[in-house]
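For this one, two forms of the same chain are given in structure tokens, first as structure 1 and then as structure 2.
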Structure 1
């Protein structure tokens, strides 16, 4: 519900053309995600940290998103360094330390943090409408863009409907517990939300038809490519090339 928290600012990243930022973000994410060198991932993470400072992003909001990412990678640190073997131990099973698993957990952590920070610097500094507009300029399928756009547009409606249904259940004495009654109640709430969402979608579609919607999402505003956007695209390409060189040299 807070996808545009970082989009309000006056830094250089906020003023850049979203088309260029989208291209650099895609290239950076592909290079980091498919790489095997910890040096390349570490340098990518360092570049993203510098970008966060240059973009003057709120550190508290950045930390919240990184906590959510590292909550997942923490599970990998608990599981990957160990290997399950046969023979001995409890029930004929034994746990052995797996150094390669420890290295793999470290690589995944570096990559995940680098990609998330990079997306925050490059994409979160633009509004969702600007990103959809940039995707339209990159000739992404209009149908796919409409699906994502309407999902984002009415996400808060679904959240508000769920909150109202959950509040009504609590007013009737519902207290979440680890019990069959709780699971059944949440199943009823989820089913009711799906039915109400379908009804709301039908009403929205009829309203759009009454306003002349014919399946085309028209772009009323257009971007203006400036000199700073060209410099940023060249700079971003050089940084991606640096990561590729580090990857090949490893």
Structure 2
């Protein structure tokens, strides 16, 4: 399982300090998500597209992720422009076209794409570990961070365990079908995974105790704030301010 395909690269965005990128990403997402102006969202999307090209992100992977997002927004386009009314028509129900819904679906699509693309440019260009460290430097609650980190660390291990169990089932001729046997087998696999992860959690905790753990999860510095990070922070701030002006002008 490899989830950090965009984190490899040498573009400007890959080299920037994740602390600065995190701050800009947060401000950008907040402004875009809460805004009402299609202009602001559109310009936001445009900025992210430029960033995407400047960061030389693999476009195929970016497109794949955007397709996943837009599978959801497509549902909105199907549902939002219609209003269900009572009386008349088929079965006493009538469908009315609702142009405002169309606007709304468009707005949500624009915002969702801008934010997801923005996060790909700004956050996915760092590894999850770097983001984790950056969050710690921004003094996010250590407990929350530990949960986040343990989740990510053991996601890989559990995924491997799931894969192994699945292989073991297949090696004995298991083929998923629409049958009670299949449902039962998946229930066993899921149950097995739960039990195993509980045991694993216990062993990890024991291993931590063996090395003197008393509640502090240590982090070591390895970020170096450079001049380009300062520039980027100012530039990012200006772009977010531009979006805000567009928003207020509307």
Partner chain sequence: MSLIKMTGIHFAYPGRPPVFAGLDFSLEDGQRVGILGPNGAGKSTLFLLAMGLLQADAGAVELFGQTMRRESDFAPLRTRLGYCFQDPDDQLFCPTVLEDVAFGPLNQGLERSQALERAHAALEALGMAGFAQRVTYQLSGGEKRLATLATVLALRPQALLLDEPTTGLDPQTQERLEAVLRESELPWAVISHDHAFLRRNCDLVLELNQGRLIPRDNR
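In this text, all values refer to a predicted model and were calculated from it rather than measured experimentally. Just so we're on the same page, rigid core means the largest C-alpha set that superposes within 1.5 Å between forms. Positions refer to the first chain, counted from 1.
Problem - Structure identified as the form predicted on its own - result: Structure 1 is the matching one, since it is the form predicted on its own.
Exercise for the section: Kindly check if the Cα atom of residue 176 is displaced 2 angstroms or more between structures 1 and 2 relative to the superposed rigid core. Expected result: Residue 176 C-alpha, core-superposed: shift of 2 Å or more.
Handout entry: Core-superposed C-alpha of residue 71 shifting 2 Å or more between structures 1 and 2
Key = It does not reach a 2 Å shift.
Practice task
Using a superposition on the rigid core, decide whether the Cα position of residue 214 changes by 2 angstroms or more between structures 1 and 2.
Solution key: True for residue 214: a C-alpha shift of 2 Å or more.
Handout entry: Cα displacement of residue 167 between structures 1 and 2, once the rigid core is superposed (Å)
Key = Once the two forms are fitted on their core, the shift reads 4.1 Å.
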